[in-house]
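Encoded as structure tokens, the following chain is the form predicted alone, with no partner shown.
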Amino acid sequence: MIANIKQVEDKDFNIKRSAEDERKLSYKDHVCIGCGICAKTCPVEAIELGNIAAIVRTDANISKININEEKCVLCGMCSVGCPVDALDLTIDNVSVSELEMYPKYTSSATIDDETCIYCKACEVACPREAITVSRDLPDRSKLVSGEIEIDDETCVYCGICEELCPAEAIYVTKDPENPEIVVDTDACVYCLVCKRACPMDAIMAACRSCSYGEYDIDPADAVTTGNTFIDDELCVRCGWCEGVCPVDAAKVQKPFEGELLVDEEKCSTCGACIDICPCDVLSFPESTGFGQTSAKIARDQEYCISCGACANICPVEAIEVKRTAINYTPTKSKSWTDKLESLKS
């Protein structure tokens, strides 16, 4: 018997069956990208792709896929075929992704913390907000060295230095009875702007780092440390992190290799493909002149994962995704091999 338990608030569900082993198929709608690969691989045609256009455009509270619980045999092909792990079959509470008998995509995304300089370029570029970079910056006061002194006898507390200070290190109290000027030497970068701007020449300052070089700066004090985190649940292995990384710390292996084709004659520039693309591959092109563009839809093939979601949503069938290679671990099962290889087009 297959029982269907649906969590309506999250559009997720669990299908369970108890026999010699306990099998459970779970689904995460917020992870699903609408590629429809699960429907293509299901051997009993128990899965149908939902109205993804309505979901993407209106944020309708409906699931991206529909599973017929009466047909589902909990074989796990949808779980293995899903490139983003939105579907997960467990056998006796163990995911098939952890069982050697089941094939799995050899896709991955990693960031080498030994090489990473924590510039956050990957965090900004990630279209799925799957990357978090935390960093500990050097103590600014250890990176500059200098001296600053204000002559209270000469200073008229005009506040010009306070307004101009780029480091906001100077504070002036303009109390007629008790005026005061204070310099936060931990914040001061000894740029000498205050000294040059003071109308009374009341400020004496010098930057030892500029005048005498790096003699008193410890290189270790200038190192930024930190760590990076990739949320595997959200990551789709698009490669944006690898593409923007200035030090080659990010490495990505995609589940599929292929080509994205757009028929310019058919394309109606509705933008549905742009809305659904999980990798920010598709966009409206910039104008090349008054009233001119180079194409109806611009595409960056480098970051495409050949998932096919754009082709599924296109109302005029102007998009074709050709998968030329499927990267997965070896399996002795011909049925598994045939299903995975059938994803090529």
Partner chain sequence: MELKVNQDNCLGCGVCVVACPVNVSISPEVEGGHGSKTEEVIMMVENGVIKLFSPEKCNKCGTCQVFCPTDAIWLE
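Residue numbers count along the first chain shown, from 1. Quantities reported herein were computed from a predicted structural model and do not represent experimental measurements.
What comes next is about the form predicted together with its partner chain, which is not displayed.
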**Ala46, Thr329 and Leu340 each touching its partner chain in the predicted complex (heavy atom, 4.5 Å)** = no
**Item:** Option from 152-160, 181-189, 265-273, 250-258 whose residues, in the predicted complex, bring a heavy atom within 4.5 Å of its partner chain
**Value:** 265-273
**Message:** Ile62 versus its partner chain, in the predicted complex: is there a non-hydrogen atom within 4.5 Å?
**Reply:** yes
**Prompt:** Taking the shortest heavy atom distance, is Ala318 within 4.5 Å of its partner chain in the predicted complex?
**Reply:** no
**Request:** Give a yes/no on whether Thr288 approaches its partner chain to within 4.5 Å in the predicted complex, heavy atoms considered.
**Result:** no
**Item:** Contact test in the predicted complex: Asn51 vs its partner chain, heavy atoms, 4.5 Å
**Value:** yes
**Complete:** If we test each of Gln301, Thr58, Asn66, Ser283 for a heavy atom within 4.5 Å of its partner chain in the predicted complex, the one that passes is Thr58
**Message:** Using a 4.5 Å heavy atom cutoff, which residues in 318-345 contact its partner chain in the predicted complex? It's fine if the answer is none.
**Reply:** none
